[in-house]
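For reference, the chain that follows is the form predicted alone, supplied as structure tokens.
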Amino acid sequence: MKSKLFVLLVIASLMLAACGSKPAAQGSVEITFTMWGAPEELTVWQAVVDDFHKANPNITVKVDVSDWDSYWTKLNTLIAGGTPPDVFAMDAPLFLDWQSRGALLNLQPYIDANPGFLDGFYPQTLTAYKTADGYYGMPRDFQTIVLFYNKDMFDAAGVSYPTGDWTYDDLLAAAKKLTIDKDKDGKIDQYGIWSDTWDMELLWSEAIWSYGGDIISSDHTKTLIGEGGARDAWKFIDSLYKEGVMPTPTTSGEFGFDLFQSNMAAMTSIGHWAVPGYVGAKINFDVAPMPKGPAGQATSVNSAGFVISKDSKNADAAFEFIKFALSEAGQKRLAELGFAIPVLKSVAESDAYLKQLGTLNQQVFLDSIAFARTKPVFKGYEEWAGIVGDGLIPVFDGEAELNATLDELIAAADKVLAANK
């Protein structure tokens, strides 16, 4: 009798233990998602979170959005303080620096547990986050760089709109006609083109590839921006400044961040993230593919991604959120932002993306994938980019000679690569 009572007590205790463990597995969990972006992005992200919560009522997601500079400062502070966000946004070129310092969780076990999860992604968006032992991040959306043009300025100057057959020589010729001193006071009021040449993504990587050059060796040990066709690409970019059709970096700084948005430039090369601002500024614009160079046509593809902190206490819930945001439902919501291209082909090639408000030819961004090359991802990227970007400002301001400066900064950039092997 005692033994039977003991067995019953054991069974009861096991049942209680099982009941007691259920809330731990299915109880309420809160995760944090930190990202950079404009304040208005929070509205759409909150809609994504609300949709996710309906499907996963036991998981609450707290979203925090900061501007670009504040974001990285805040993220470093949180991680240094031992309170990292569960999920945070990642710019693809910086990925390896974060992964190599051991801050990120390997997502491969989750991907393996979800067969077919990677099906339907644009493959160019996945390469940046893959390592020898699996994926430590996933692309959230992506950008291809295209040529934006102000239709009113082209019409007023009697210049034909850019086409997919344009060369860089065509761009320069049109830019000359579109550079105007309207009040004849000796100062340019309308530039033919404006682009930010500090970072490779917007113009000079495209030009280098189109002229037959490259950025960095495949083993990330050598800076190649001074070899072969790359020198010709730099000569072309420098000519935009020397011909006066593009404002120097110092002049651009005097007029504000984006001269195309402020109606001071007829063309710019930039990604889809600029579209909402240009629409809000009521610019009559459209887009065309990047011009061709002697070696063909090229543009860059870059992505913003999701990563999970290695120290997240709720990694399972964090991945469920990422999985939802990368589903068709989540990607359609994100398409409403208008800031980027969905990473799922099924969404990018649907009305959710292609038929956003306005008359912009969204298809150009997708067609450009055919000749797009992934923006390089390598350890030491941020320091390397700073050396190149800062080093070229005196050249484009007309205060230093191009080739000698390239030689100096390439040597310095190679030292960064050597220190980050």
Partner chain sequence: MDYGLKPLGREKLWLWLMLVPTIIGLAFGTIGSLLATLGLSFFDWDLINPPTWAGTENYAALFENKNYIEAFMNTLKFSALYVPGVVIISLLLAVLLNRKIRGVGIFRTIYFLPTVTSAVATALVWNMIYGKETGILNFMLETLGFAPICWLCTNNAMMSVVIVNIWGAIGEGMIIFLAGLTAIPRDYYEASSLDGANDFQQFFRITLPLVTPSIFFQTLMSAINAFQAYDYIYMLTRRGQGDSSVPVAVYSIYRNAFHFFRMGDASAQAIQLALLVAVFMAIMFWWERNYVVYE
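Note that the coordinates shown come from a computational prediction; the quantities given were computed from them, not determined experimentally. Positions refer to the first chain, counted from 1.
Absent from the display: the form predicted in complex with the partner chain. The rest refers to it.
Visitor: Scan 360, 31, 65, 387 and let me know which has any heavy atom within 4.5 Å of the partner chain in the predicted bound form.
Guide: Residue within 4.5 Å of the partner: 387.
Visitor: Let me know the one among 51, 41, 367, 382 whose heavy atoms come within 4.5 Å of the partner chain in the predicted bound form, would you?
Guide: Going through each option in turn, the one that passes is 382.
Visitor: So, residue 251 and the partner chain: in the predicted bound form, are they within 4.5 Å at any heavy atom pair?
Guide: Yes, residue 251 is a contact residue.
Visitor: Within 4.5 Å, heavy atoms only: does residue 393 come near the partner chain in the predicted bound form?
Guide: Yes, residue 393 sits close enough to the partner chain in the predicted bound form that at least one of its heavy atoms falls within 4.5 Å.
Visitor: Using heavy atoms and a 4.5 Å limit, would one call residue 401 a contact residue for the partner chain in the predicted bound form?
Guide: Residue 401: no, not in contact with the partner chain in the predicted bound form.
Visitor: Would residue 257 count as touching the partner chain in the predicted bound form under a 4.5 Å heavy atom rule?
Guide: Output for residue 257 is yes: heavy atoms within 4.5 Å of the partner chain.
Visitor: Decide if the three candidate residues 149, 170 and 374 all line the partner chain in the predicted bound form, where lining means a heavy atom within 4.5 Å.
Guide: Spot residues vs the partner chain: no contact at all.
Visitor: Heavy atoms within 4.5 Å of the partner chain in the predicted bound form: which of the stretches 98-106, 326-334, 237-245, 204-212 has them?
Guide: Going by heavy atoms within 4.5 Å, the stretch is 98-106.
Visitor: Determine the residues of 72-96 with a heavy atom within 4.5 Å of the partner chain in the predicted bound form and present them in sequence order; the list may be empty.
Guide: Heavy-atom contacts within 4.5 Å come from 72, 73, 76, 77, 79, 80.
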